[in-house]
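Just the one chain here, the form predicted alone, laid out as structure tokens.
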Amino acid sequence: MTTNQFEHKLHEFKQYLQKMKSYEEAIGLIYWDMRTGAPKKGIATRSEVVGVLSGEHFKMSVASEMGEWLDYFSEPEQDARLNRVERKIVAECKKDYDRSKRIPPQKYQDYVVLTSQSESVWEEAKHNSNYAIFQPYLEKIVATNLEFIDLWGYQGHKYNTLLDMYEPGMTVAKLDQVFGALREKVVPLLSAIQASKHKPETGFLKQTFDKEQQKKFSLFILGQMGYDFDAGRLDETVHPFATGLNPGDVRITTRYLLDDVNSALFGTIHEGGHALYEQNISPDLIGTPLCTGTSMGIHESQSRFWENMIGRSRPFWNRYYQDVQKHYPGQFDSVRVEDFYRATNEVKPSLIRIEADELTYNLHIMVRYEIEKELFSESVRVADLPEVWNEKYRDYLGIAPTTNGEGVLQDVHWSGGAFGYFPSYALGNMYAAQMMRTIRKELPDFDGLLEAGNLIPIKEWLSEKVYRHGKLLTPTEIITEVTGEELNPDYLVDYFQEKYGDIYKL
């Protein structure tokens, strides 16, 4: 085939992928609207619209022309003509094609409608602590995922197939090893912290905080982080999330609690970390399947890095505590910055994952991981989840919910079928700690930058090392290129021991 013919085929392929991305953007915008204020009575019809658009996108992903292009560009002669980005695009499309081709299009569309409706039902169920109205939806979602796994195929544990979608290459065997090692170190540290007599005072955090002031402070901190407001916006939802439609439109949401100044603040910083990743992907990748984060573990490393390793650090508050005092006049006048810093890092077993301290947070993730693993080995039923959930909380954290709203219904993920996602949060903590070790070496005045309120060099370092690559590099390639070694959970343990040993004077 001549060069002109090759270039023509490549151009057609890229145009086709851009059309698919257009569907994805439209679907993402509708989801954002459904989660941020769409009229309740319109949800059912809107879910059908999402189903139709998702169905069309799915059909494009498994169309005969897609198969023909992938076969053509996979031939050695044509593969040699592709550049690095194009070769990765073909590989990603082929992986998705081989997986999606096994799912009947109508079954996929029905599943999308189911999960769209389920998220609305979940909100009502959570609000009323009514697991019974959500249970039938969750049973169908789990059953459908089990069907999909059988169609996709699996190696070892069925759950491996779902894990791979969020963290390529991750398996139950690896997670059992990593989580087991982490729990072995975290639990004794937690016990030592609970036994310490040097606990921070936190009462001043439990006042009534004006919602508008919380919003203003959230917007202020986002600006300090380098979030581009011309390429995004901040809204309010029941459960904070980030949506990257394209690098020029990355939206985030947060939740305001009148009696908790930390909830919106750290929720906003967390989602802002996700947004910085999506806003700073290389323009060269726009319109391709590579214009997104490489994995949820790497994505969560950025949200957790900004939320905890920056946002809960002493140098950060040495600079920004004065702004807290300005936004909430009179409420912190008698509170020292050191006391505020220690209070924001209180370690205390709690029921709600998104409000957990960064140490016990990992135990919340392990509970969800164990439950998902059992669901897809079919050793536990959906009907039994409230009881199973409560028992695991007693086992891992020594406490148990009194309602399903603060228990099994607290997270949105299962209503959307996002099984395999939760481990990404704990993996993200590990990646973040490992990156922190490197960034401190390469930006030796890291603490000085925080104390000066100069966060942009940190954002630029992360953009160069992580964000710009999008999905061009794998998670293993990212962490290896950035730090010089593959994922090593020891860095997170070291970080915890150093930080909390200081705060609790262990």
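Residue positions are given as counts along the sequence shown, with the first one as 1. All values derive from a computational prediction rather than experimental measurement.
The form predicted in complex with a further copy of the same chain exists for this protein as well; it is not shown, and the discussion that follows is about that form.
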query: Within a 4.5 Å heavy atom cut-off, is R255 in contact with a further copy of the same chain in the predicted complex?
result: no
message: Since only the chain is shown here, I'm wondering whether A264 would be in contact with a further copy of the same chain in the predicted complex (any heavy atom pair within 4.5 Å).
response: no
field: 4.5 angstroms heavy atom contact with a further copy of the same chain in the predicted complex for Q497
entry: no
message: Taking any heavy atom pair closer than or equal to 4.5 Å as contact, tell me whether T45 reaches a further copy of the same chain in the predicted complex.
response: yes
task: Check each of G232, G417, G311, G407 and return the one that places a heavy atom within 4.5 angstroms of a further copy of the same chain in the predicted complex.
output: G232
message: Just to be sure I understand the contacts: of P105, G223, G248, P200, which is the one whose heavy atoms reach within 4.5 angstroms of a further copy of the same chain in the predicted complex?
response: G248
task: Could you tell me which stretch in 438-446, 467-475, 27-35, 61-69 has residues with non-hydrogen atoms within 4.5 Å of a further copy of the same chain in the predicted complex?
output: 27-35
field: Joint contact, K19, Y23 and D228 to a further copy of the same chain in the predicted complex, by non-hydrogen atom at 4.5 Å
entry: yes
- prompt: Hey, which residues along 286-322 are within 4.5 angstroms of a further copy of the same chain in the predicted complex, non-hydrogen atoms only?
  reply: I286
